[in-house]
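Take a look at this one chain, the form predicted alone, written out in structure tokens.
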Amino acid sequence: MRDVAVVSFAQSATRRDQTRNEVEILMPVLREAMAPTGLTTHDMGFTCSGSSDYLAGQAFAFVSALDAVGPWPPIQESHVEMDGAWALYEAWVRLQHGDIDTALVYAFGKSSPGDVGRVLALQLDPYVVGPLWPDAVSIAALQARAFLEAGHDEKDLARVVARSRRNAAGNPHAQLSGEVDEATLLDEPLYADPLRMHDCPPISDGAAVVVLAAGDRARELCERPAWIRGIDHRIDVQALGSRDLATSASTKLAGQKAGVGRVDLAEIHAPFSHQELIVAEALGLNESTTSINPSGGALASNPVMVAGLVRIGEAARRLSAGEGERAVAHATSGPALQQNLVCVLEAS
């Protein structure tokens, strides 16, 4: 296996970006990510993007987004109709071929113009569940109820939210941040029983860009690269009644294959408070020894199709800045943690 590292990362997220389209949101983020490397988009051996045409409301929206990259002369390019974390996985695989040394990965999502809950309902079983049009919050509430009945407490959810808001105070891209008392959170009314509004992610528009490089090229481009030491993704069955919603078997398996082990920090893609606890348990993480979601996570900022890639970028950025030596990043897609990707990073 070739050693591949994250050498640069940039992101943008706002509550509602009413004046710019997806290309206009992406362009400055691309420039910011490329600047430290001294490279241009045409220096990239491979380009891969993650987004959703359903979210954009038009077919082949990813083709229009290439205007931000400038694909002329022609470039080697691919796209996944998934969160950008899966685009990074494809780029990592492409770099293993050995004929290129750099790759550009980006993701974009603009949820504010439409009904993101209705859009996400399209990923459900089209014969039994889909026709009922349950939104993402309703599905998450079913999972949260299963989690609580498995022996957990609402205080655990409030603790996650309070920590997320506190950590997000240092994140300029967060939509929700600041000190909040757990007891105050528990006094708030239910939104979708047993979830309260703060247990759910904020609507966010944004983009993220990651630059990957292999071997010696990575050391030339970055003083302290964040090396990908393990990466894997797994999927649970689609039918909600056919799996234990209080656990995440796919996350556990992906973590084992990626070789999580001891980590200094973890960036978990958990749009709902209880999901962070489910994922942390599946990965064997302990808050007493691991800093979990130091950025505030998806509870602070959740641009759909972008938030998973941000978890990898945030973990890499913090390692490169010397905040630790080893980290794990997690991304999810699908209803109730159906698909999960785990990426282990190490700085040296």
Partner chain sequence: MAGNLAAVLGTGQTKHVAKREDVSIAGLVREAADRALEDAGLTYADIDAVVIGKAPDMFEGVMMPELYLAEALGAIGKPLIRVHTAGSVGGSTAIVATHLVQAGVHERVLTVAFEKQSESNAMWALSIKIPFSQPLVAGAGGYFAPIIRGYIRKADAPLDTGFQVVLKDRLNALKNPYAHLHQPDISMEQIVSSPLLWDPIRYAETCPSSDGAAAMVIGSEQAADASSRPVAWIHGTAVRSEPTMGAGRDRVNPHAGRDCAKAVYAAAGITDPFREIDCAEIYVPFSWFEPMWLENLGFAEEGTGWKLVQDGVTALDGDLPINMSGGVLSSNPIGASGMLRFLEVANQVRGTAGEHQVDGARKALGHAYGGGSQFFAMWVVGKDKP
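Residue numbers count along the first chain shown, from 1. All figures in this text were calculated on a predicted structure; none of them were measured in a lab.
If you look for the form predicted in complex with the partner chain, you will not find it shown, but the lines that follow are about it.
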query	finding
Complete contact of Ala162, Glu179 and Phe272 with the partner chain in the predicted complex (any heavy atom, 4.5 Å)	no
Proximity to the partner chain in the predicted complex, single hit among Ala146, Leu186, Ile75, Ile203 (heavy atom within 4.5 Å)	Ile75
Interface residue in the predicted complex among Leu265, Leu120, Leu277, Leu240, criterion: non-hydrogen atom within 4.5 angstroms of the partner chain	Leu120
Which of 169-177, 216-224, 230-238, 136-144 lines the interface with the partner chain in the predicted complex (heavy atom within 4.5 Å)	230-238
Partner contact for Lys252 in the predicted complex: the partner chain, 4.5 angstroms, heavy atom	no
Heavy atom of Gly57 within 4.5 Å of the partner chain in the predicted complex	yes
Partner contact for Ser333 in the predicted complex: the partner chain, 4.5 angstroms, heavy atom	yes
Partner contact for Glu281 in the predicted complex: the partner chain, 4.5 angstroms, heavy atom	no
Residues of 34-54 having any heavy atom within 4.5 Å of the partner chain in the predicted complex, listed in sequence order	Ser52, Asp53, Tyr54
